[in-house]
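Just the one chain here, laid out as structure tokens, in the form predicted on its own.
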Amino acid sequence: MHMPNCHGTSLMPPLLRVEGLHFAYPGEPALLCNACFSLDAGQKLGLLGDNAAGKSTLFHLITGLLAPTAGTVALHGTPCTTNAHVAAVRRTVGYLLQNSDEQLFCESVLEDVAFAPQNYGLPPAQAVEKAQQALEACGIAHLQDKSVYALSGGEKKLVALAGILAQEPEALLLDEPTNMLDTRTRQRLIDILHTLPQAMLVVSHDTPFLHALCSGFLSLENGQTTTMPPFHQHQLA
């Protein structure tokens, strides 16, 4: 293993850069210690690590749900140091939670998927159009009039993903996206994610899923991120 190059070789800054990130919960030892990596536009990275290694915490730091004790998260080269910067990250980076029930809160599927684009300023009719396009992209347009409370677990996962896609993010953070999915829905999710142009950072213990989706891999261990060389990728399956 070797330490990732945060700065890369391109003259253009990466879409996201995490640099020197430290974090500890109150009264606990440091969970992240100098975590450092970059995510380029269109890049799909798998993030591996043991339970409680800090993977979900890292997602919370990227999206501003938690504040680091040191280090920066930068969007297109601009460190996210103000509320306006954090708002820009949340609009640019869609976060698919492990538990879809925490992500769905409107009565109908269409209302739920249309919420984000309308919240970001689109008129209701345009927000509905974006929502319908996202539902179509996820192959679940037929669910638009259903109650979110009447959906199966797999349907909820796809609706939650559609709700993120409707805001047209540049990157996706996916936290255990195949958790509790049956074989058919898992394959549908893989097929959908393959068609998407967004960059992705994916946390999953489903290593065959990561191998099918991602072209590169990071490991989070002892609070630090390291890149995994190519020969490890073939060992994931």
Partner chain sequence: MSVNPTTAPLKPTATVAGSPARIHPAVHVAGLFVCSLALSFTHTLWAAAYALAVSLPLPFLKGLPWRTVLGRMALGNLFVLFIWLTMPFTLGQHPVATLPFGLAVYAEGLTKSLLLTLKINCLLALGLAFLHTASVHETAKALATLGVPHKLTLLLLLTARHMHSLWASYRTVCNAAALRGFTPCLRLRKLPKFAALVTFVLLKSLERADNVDAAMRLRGFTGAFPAPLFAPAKQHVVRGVVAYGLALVGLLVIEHLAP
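Numbering follows the first chain given and starts at 1. The model shown is predicted, which means the values in this text are computed figures rather than measured ones.
Absent from the display: the form predicted in complex with its partner chain. The rest refers to it.
Student: Check for me whether its partner chain, as it appears in the predicted complex, comes within 4.5 angstroms of all of Glu107, Ser147 and Gln167 - heavy atoms only.
Tutor: Yes, the whole candidate spot contacts its partner chain.
Student: Is there a non-hydrogen atom of Cys80 within 4.5 angstroms of a non-hydrogen atom of its partner chain in the predicted complex?
Tutor: Contact with its partner chain, no.
Student: Mark Ala116 yes when one of its heavy atoms lies within 4.5 Å of a heavy atom of its partner chain in the predicted complex, and no otherwise.
Tutor: Residue-level check for Ala116: yes, a contact with its partner chain.
Student: Under a 4.5 Å heavy atom criterion, is Lys156 part of the interface with its partner chain in the predicted complex?
Tutor: Yes - in the predicted complex, heavy atoms of Lys156 and its partner chain come within 4.5 Å of each other.
Student: Does Glu136 reach its partner chain in the predicted complex if we count a contact as any heavy atom within 4.5 Å?
Tutor: It does not: once its partner chain is placed as it appears in the predicted complex, Glu136 has no heavy atom within 4.5 Å of it.
Student: What residues in 59-96 sit within 4.5 Å of its partner chain in the predicted complex, counting heavy atoms only?
Tutor: Stretch hits, in order: Thr63, Leu65, Arg90, Tyr95.
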